[in-house]
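Starting off, we have a lone chain in the form predicted alone, written out as structure tokens.
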């Protein structure tokens, strides 16, 4: 489905920080979309019909082509399934779900209904990621070190859901690093992990992860939500041909200390361009590899209780 002017009529569900910071500005500036409605139990957005729930929005907006779901992952499955069954294309914020099995059901439902399903990984669209992938292709990798450390109080103030079961804790940002790593590196797997969980929370505040690949490459990752001051989002890849470093979340790329020229940051514009292409081609894009690594960390990692966390 598409509007008569050729744009995709989209509804947005969940009017929180990420929706206001990224989704709404990009949708508003894109020639591919017309924002038709929003649904949120608390937030409102002027200029379009507002609904409290997705069900109300689907009932009230029969011309919707697609929905973008920005709620916490614990409640996203039922919304996604309802939208798919109503014949709407679905854009999933990361992570695509709270469990792997539920996303598998969504994949099959979208296939059966003939609609597009997109599991978005915004960090893959950082300007340095694709050049890094191209440079690493075919090169022998010696080791990889990932450091993803930030201040949870700055990025997730008073967001209780991230500390609950299914909220993933520090893996909420850490999965961004894993989305880049799974895109630029050969397949790898977890060999061990330590998850640091505050005594008053269900999800970890830090994680030390150890991976390897078929060649025995050492791949180490440190995620930590307790960092103040400058934030760290770095991936260092040592190869036989030199050292590649992606820093600032993939927005800066250096090779042997030489910074490479890159286009401006446009992660969410890249996501919405990709979703438009999927909708118009009638295809889906659901890569579960980043979420698989998170699930493996919870499955195989040792839990270590640390001091309580308060906002």
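All figures in this text were calculated on a predicted structure; none of them were measured in a lab. Positions refer to the first chain, counted from 1.
Quick note: we don't show the form predicted in complex with another copy of the chain, though the next part is all about it.
- Among residues of the shown chain, residue 189 is one whose heavy atoms approach another copy of the chain to within 4.5 Å in the predicted complex.
- Shown alone here, residue 16 lies farther than 4.5 Å from another copy of the chain in the predicted complex, counting heavy atoms only.
- Remark: residue 293 counts among the residues lining another copy of the chain in the predicted complex, judged by a heavy atom distance of 4.5 Å or less.
- In the predicted complex, residue 234 stays away from another copy of the chain, with no heavy atom inside 4.5 Å.
- Just one of 86, 98, 145, 149 comes within 4.5 Å of another copy of the chain in the predicted complex, counting any heavy atom, and that one is 98.
- Taking a 4.5 Å heavy atom cutoff to another copy of the chain in the predicted complex, the contact residue among 227, 217, 74, 239 is 74.
- Looking at 160-168, 129-137, 217-225, 110-118, the stretch with residues near another copy of the chain in the predicted complex, meaning non-hydrogen atoms within 4.5 angstroms, turns out to be 160-168.
- Heavy atoms of every residue among 81, 102 and 202 are located within 4.5 Å of another copy of the chain in the predicted complex.
- In the predicted complex, 294, 295, 296, 298, 299, 300, 301, 302, 303 are the residues of 294-311 with at least one heavy atom within 4.5 Å of another copy of the chain, listed from first to last.
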